[in-house]
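Only one chain is given next, in structure tokens, and it is the form predicted alone.
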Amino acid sequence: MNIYKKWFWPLVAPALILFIAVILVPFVVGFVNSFLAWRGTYYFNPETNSRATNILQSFVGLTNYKEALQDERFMHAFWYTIEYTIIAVIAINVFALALAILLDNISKGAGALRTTYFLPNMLGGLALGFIWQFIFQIVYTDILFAPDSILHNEFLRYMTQNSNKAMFALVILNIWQYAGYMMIIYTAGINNIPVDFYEAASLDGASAWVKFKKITVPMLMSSFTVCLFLVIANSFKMLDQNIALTNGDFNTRMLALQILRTVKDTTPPNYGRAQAQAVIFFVIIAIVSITQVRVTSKRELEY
């Protein structure tokens, strides 16, 4: 025990220093800057309409937050992100759970299939975005669903050039990226369910749907907790895919991209307002994530 105590801080110190330097300090500095007239390279004094000689002169209180909430682009990005997140959470988890159940019933080649489905998660967001941009713009629009094709479907054409279509395009992209990852988590949960439960249900004449509803779902609540949290968090903070797929055009900006573009939308660049948006963004993610984890954790079963 003394050996563990002796080496605890030397082993923990590097990670702790990195956390403080890379996450905690920038977060605190950013939070402070959200109350200031910060222009990126200097602090602005609103009273004299010139550069501030000290940081206190640039204090604007809640002005940045008020302007952020009154910004139509920010509010559109907020609701657009909410709508996308609701659809993505349902779609990704349904696909992931379906894959996990299907592969659990396959005796040969299941490992290879799981690896194949997991591989898209290894690609970066920008790479995925550009791959699917090509698919939506060329394959879908000009080949598969073109007017002269027997598969013609106007909804699936020009999906990156319409706000509503782009939302579903992003959902499709992220199903391809994350479903395999979530499938691994669900597979682990399914493998931990005692076979005796299913055998007892079969003896009682339970159908496959009843087994799924009464055994699989309740026993997978711990997996649901993890997967829902990951999908919600990734949906809210999605940036690379949004940039690569639509670049925020056609009213398709999500919250992370809106914060990034705020400094370009304002002249001179208003980093203080962008930082206020980032704080609001953080609070939203924290509230939604904590609420979701608490709700699903209460439904977890012990066996």
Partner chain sequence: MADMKTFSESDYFRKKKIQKIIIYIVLLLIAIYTLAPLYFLLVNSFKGNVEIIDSPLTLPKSWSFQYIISAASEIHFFKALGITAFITAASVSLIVLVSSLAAWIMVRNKSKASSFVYLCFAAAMLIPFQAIMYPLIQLFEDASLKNIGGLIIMYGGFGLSMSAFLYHGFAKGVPRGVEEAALMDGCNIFQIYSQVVMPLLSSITVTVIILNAMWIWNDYLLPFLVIGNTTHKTLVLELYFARILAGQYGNPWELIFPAVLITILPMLAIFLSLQKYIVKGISAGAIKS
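Residue numbers count along the first chain shown, from 1. Just so it is clear, the model here is predicted, and its values are computed rather than measured. For the two forms, the rigid core is made up of the largest set of C-alpha atoms that agree within 1.5 Å on superposition.
Quick note: we don't show the form predicted together with the partner chain, though the next part is all about it.
The contact residue chosen from I87, I193, L103, A201 relative to the partner chain in the predicted complex is L103, the criterion being a non-hydrogen atom within 4.5 angstroms. Note on the partner interface in the predicted complex: the residue among I215, A206, I172, M221 having a heavy atom within 4.5 angstroms of the partner chain is I172.
By the 4.5 Å heavy atom rule, the three marked residues Y80, I150 and V210 all fail to count as contacting the partner chain in the predicted complex.
Heavy atoms of A21 reach within 4.5 Å of the partner chain in the predicted complex, making it an interface residue.
Looking at L260, you'd find a heavy atom of it within 4.5 angstroms of the partner chain in the predicted complex. When the partner chain is considered in the predicted complex, V295 lies well away from it, no heavy atom lying within 4.5 Å. None of the heavy atoms of F197 is located within 4.5 Å of the partner chain in the predicted complex.
Residues from 159-182 that approach the partner chain in the predicted complex with a non-hydrogen atom closer than or equal to 4.5 Å are I172, W176, Y181, in the order they occur in the chain. L18 shows a C-alpha shift of 2 Å or greater between this form and the one not shown [criterion: core-superposed Cα displacement of 2 Å].
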